[in-house]
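Before any questions on binding or motion, here is one chain by itself as C-alpha cells, the form predicted on its own.
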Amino acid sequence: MEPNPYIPKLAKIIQIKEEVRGARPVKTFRTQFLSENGFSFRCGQCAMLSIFGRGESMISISSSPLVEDYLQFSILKMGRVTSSLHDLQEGDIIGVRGPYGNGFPIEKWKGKNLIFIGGGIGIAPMWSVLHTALGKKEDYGKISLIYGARTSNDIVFKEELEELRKKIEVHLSIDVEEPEWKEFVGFVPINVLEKKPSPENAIAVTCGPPIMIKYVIQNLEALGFKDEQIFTTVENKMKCGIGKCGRCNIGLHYVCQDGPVYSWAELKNLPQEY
C-alpha cells in the first residue's frame, strides 16, 4: 500500500531564535526528525508544518541542503498556525511533510554572478540558495545581497548579515530614516537602481512583498537584465501540497508542484492573478 501523503513526519524543535519583535514578529526554528526517514530537499522548496489540533501551513525551508543536522524555518507570525508556532518551546514536537515545489536551478548557474534581492521575511526563501552558493563558492562568480526592511528592528538574520559582510557584498536599507542608520534609506527597488548590479553573466534572485518584487523586476529590466536572468518565488496559499486541492493554481499551474520558483520569462506568461 502506498503511504498516505497527508501524514507528516514527526520532528522536534531543537532551537528557537527570536529574529524580530513588535507587531510583525519573526522567529527562526531549527528542527530534527525523530526517525531516520526524513527527507532531502532542494533550495527553494517548502514543507508543510503541522501544529496538532491547530492546523498546518506551508513554509519555505531556509536552511541549506548542505546542512544535514537540521531543517530551518523562519516564520512571520500572521495567522492561526503561525501564531501557534510562535507559542511553541524548544523540545516541542511538530509535524513536517514534504518537500514540495521545484526549487532554484542552482546547478545551471555555475560560473555566473549571483545577486540576491530581498525584502522583509522574503529573505528566508533566498537564505537557502545563498548559503548553498556560499558553500560551493568556487562554482560561482561574485555573490552579493541587497536586502531591506521597514525599520532596522525588522531586519531578519541581523547577526548573520554582519558575518556575511566578511564574505560578500551586503547592501542593507530601511524604508524610513532613523538617527543611527548609516546605510541606504528608501525602498529596495530604489536601492537596486542605486547599486546598479551588472547583468553581465549574472542571475538575480528576488523575494519579498509582491509590490516590491514587481518594481525590483522592473528596475532590473531597466538595468539590462533579460527575463531568463531573473528568478523569484510565488507565495500562493497552498493547502495540500500535492496538486489536489486547487488552492494555489495560476491558470493551469499549481504552485506547490510547478513553483514556487519561476524565472520571470516563465512567470510573465502566466495569468496575472497571483
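Since this is a predicted model, take the numbers as computed values, not measurements. Note that residue numbering follows the sequence shown and begins at 1.
Form predicted in complex with a small molecule: not shown, discussed below.
Put simply, of Ile143, Leu193, Ile93, Met78 only one has a heavy atom within 4.5 Å of the small molecule in the predicted bound form, and it is Met78. Of the residues given (Leu71, Ala133, Ala124, Ala149), Ala124 alone sits with a heavy atom within 4.5 Å of the small molecule in the predicted bound form. In the predicted bound form, no heavy atom of Thr232 sits within 4.5 Å of the small molecule. A residue is said to contact a partner when one of its heavy atoms sits within 4.5 Å of a partner heavy atom; Thr31 fails this definition for the small molecule in the predicted bound form, lying far away. In the predicted bound form, the small molecule lies within 4.5 Å of some heavy atom of Ser60. When the small molecule is considered in the predicted bound form, Cys46 lines it closely, a heavy atom lying within 4.5 Å. Residues of just one listed stretch (234-242, 202-210, 63-71, 216-224) have heavy atoms within 4.5 Å of the small molecule in the predicted bound form: 234-242. Each of Glu56, Thr82 and Pro260 comes within 4.5 Å of the small molecule in the predicted bound form, counting any heavy atom.
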